[in-house]
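Here you'll find one protein chain in two forms, each presented separately as structure tokens under the names structure 1 and structure 2.
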Structure 1
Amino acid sequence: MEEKEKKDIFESVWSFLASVKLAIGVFIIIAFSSIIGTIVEQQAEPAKNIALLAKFFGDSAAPSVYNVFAKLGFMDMYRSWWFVSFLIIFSINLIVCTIDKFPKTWRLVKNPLRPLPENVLKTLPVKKEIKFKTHINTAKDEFVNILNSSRYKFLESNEENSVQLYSQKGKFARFGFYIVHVSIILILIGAIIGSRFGFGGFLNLPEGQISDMAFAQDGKTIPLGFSILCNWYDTKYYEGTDTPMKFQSELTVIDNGKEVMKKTIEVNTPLKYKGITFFQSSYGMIPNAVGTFILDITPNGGQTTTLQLRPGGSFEIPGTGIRGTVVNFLPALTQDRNTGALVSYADNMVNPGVAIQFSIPGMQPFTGWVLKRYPETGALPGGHLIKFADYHGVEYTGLQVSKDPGVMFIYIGSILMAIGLFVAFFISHKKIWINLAHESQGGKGPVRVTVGGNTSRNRLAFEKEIEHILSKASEAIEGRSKK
């Protein structure tokens, strides 16, 4: 008695957990509660959200409303215990439903199709009847041809006065929804693995410097297990505008004292080494940094040489007697509209320029600005060229550093989901029974063809398909009898 009761409770809990009612409820709850997190800014400073709440509840009530909301976990909602619980219920629902329903589907697909008595055919969702004045074998041959050409797998059963062809196509379409469900489970597993065994951090690495760790959001250090060197950082602009086209840095990986990898990364093309990925995510100037000017110098018709100069440094263009001294630098050079003075209009290197004081034999010394983005500014009298290649060591590259061992699951899950959706929505499992019988005993009289079928989806199209099969058959049979 007690045994049975226990079993009943277990069964009803099980069927509740497998039910579509629970699924619908969970869909509604997750969809609605997710909205909160899109209104209240997540993981923000309290002041921001208090200001937001003041718009709805007034200034005086806002702080206490905030406290209630914070207790409810709204400020970091997607990680709050109750939201995570919904996600867990959602996963359990999905898993239990799959375990519960799968054996039935498996049997449905596994069990061989059986011939059906003629009177049962007439009860199927799609049915048709037609008569031909021909021999039963002739008619059968034509139907066999048609089924073959539409790629139905069929079997044949013979009785005294009748033949039945029974066939099916697209059995595996029954698994489409399972594939989708399993893919969702895989993606959730991937997300859990990622949050358990992975990390997300950042690293602001100045040009020319090296680091063997990154930093988590809370400031904790994350050892990398190898070192990463930033050779240079550079922003490229669309010609004639200040709209960035590319953020780039060149990184070198040093493992066990050896250089093992060198790559120029951009947004959308990260560097990956030993499971850790470095993404280009920001950049900036290092406060008060003094760097090195890199100048490419080409005397008229001569060889190009590359120079590295500190501020105040001097150089000579080989074989010309022209001397230059670096006297000034501005990161974003422009001319002030009112005063005409040269000023910087941004802190970043949007339009870097170096001022060089030249002394050219037979001329007054003068100062000229050479701009990195406008190479024509480096043309000197006499056809000599100075190219401002870089001011190195004053910028840092902002790297997002992450390790996510779960991402494979996400990718596999995604591919499976795409396949599953395709199978579920665009393939149907169709079964057709075609029964052929002579009207009267002894193989006499016209042949009566009864067709019945069912499909897992899109019945209208299936009805058309059956009509098409019949009209093709009657065309072929009539064609034969004329011969």
Structure 2
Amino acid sequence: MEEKEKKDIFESVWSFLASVKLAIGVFIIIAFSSIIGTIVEQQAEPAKNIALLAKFFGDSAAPSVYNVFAKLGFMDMYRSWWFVSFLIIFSINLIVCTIDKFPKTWRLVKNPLRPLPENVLKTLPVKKEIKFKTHINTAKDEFVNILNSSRYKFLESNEENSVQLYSQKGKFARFGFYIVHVSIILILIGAIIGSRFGFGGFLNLPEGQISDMAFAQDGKTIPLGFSILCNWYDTKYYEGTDTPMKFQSELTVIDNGKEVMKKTIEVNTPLKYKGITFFQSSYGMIPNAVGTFILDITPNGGQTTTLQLRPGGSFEIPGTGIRGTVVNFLPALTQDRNTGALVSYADNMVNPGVAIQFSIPGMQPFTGWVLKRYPETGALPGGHLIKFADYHGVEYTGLQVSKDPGVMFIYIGSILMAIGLFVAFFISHKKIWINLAHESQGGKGPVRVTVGGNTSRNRLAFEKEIEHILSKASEAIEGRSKK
């Protein structure tokens, strides 16, 4: 009695876990939660989401709604225990459902195809009948040729005054949905592993500086296990505009005190090391930063010399007696239309310019602006040239830092899902029987051909295929009869 009760409980639990209702219910909860998780910015500063919630619930209620959402885990939903629990339940449901249904499908696939009586063929979902004035062997030969050309591997059954050809194709297509189930399970496993053992953060790394950690949205530090150095950052603009064409950084990975990797990254071209990926996501200037001006000095007909100067630093063009002193800098140089004064119209280095006070023998000292994006502004009397190459150390590169150890499961699952969906929706399990028999005894009279078949899906296409087989057979048989 006790064993029966245990069996009943097990069967009840198994039926519950394999039920379609459970799958639909959990899927609705996951979908609804994901909608909220999409609207609410994940791992963001509270002020951002409070301002967002104020649009839906009003300014007075927004803080209270935010606190409720925060306690429910909606501010970091995809890592919350309850969301991961629903993913696990959904995975268990798919696994149990697959195990529960698989044996029946396996029997259908492994069960050998057998010949059927002619009266049974006429009851199949797809059936056709046609007569030919020819010998049964002639008709059989033509159907054999057509089946071979249609890639049907057929079997043959012979009886007195009749022959039956039968075949099937695409029997493993019934496993398409199981492949999809496995792919979903792999994707869910990858998502769970990524949420529990991965991380997402950011790092604003100034030029020339190094860091061994990133930062989560809530400000918590994330140790990297190695150090990352930003050698330089640069923005390229479309000619004649202030629209960025691309922005890139050169990063160096330092592990155990040794340089192990160097790469120039830009959008969609990240750096990856030890499972951690660094994406180029933003950039900007460091407030009140003092950097190093990099100037290329070229005397008329002479060699170019690269100088590194701090603000206020001076230099001399070799062999000319011309001296220069860095006296000012503006990140986005323009001229005020009202006052005529030179001002900066942006905080970033959109149109950087350096002001240099020149002392040229035989001339009054003057101050000239050399623009980085317009090298011609560095031309001096006598054919000498000064090029403003960079102002290093005043910009930072904004890096998105992420680690997802489950991403390989997601990639494999996505590939399997594409394969499974293709098999499930575009390949069908088709069975066909072709019975050929003389209408009269003794092997005389017309040959009656009865074709029957069934398919797991796309019945209309299967009917057209059978009609094509019959049409081809008719043409071939008639052609032989005329010879």
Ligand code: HEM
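By rigid core we mean the largest C-alpha set that fits within 1.5 Å across both forms. The structure presented is a predicted model; accordingly, all values stated were derived computationally and were not measured. Numbers given to residues start at 1 and step along the sequence of structure 1.
Here, the chain labelled structure 2 is taken from the form predicted on its own.
The rigid-core alignment places the CA of residue 17 2 Å or more apart between structure 1 and structure 2. Superposition on the rigid core between structure 1 and structure 2 places the CA atom of residue 208 less than 2 Å from its counterpart. With the core held fixed between structure 1 and structure 2, residue 145 has its Cα displaced by under 2 Å. After superposing on the rigid core, the C-alpha of residue 381 is displaced by 3.0 Å between structure 1 and structure 2. On rigid-core superposition between structure 1 and structure 2, the C-alpha of residue 58 is found to move 6.3 angstrom.
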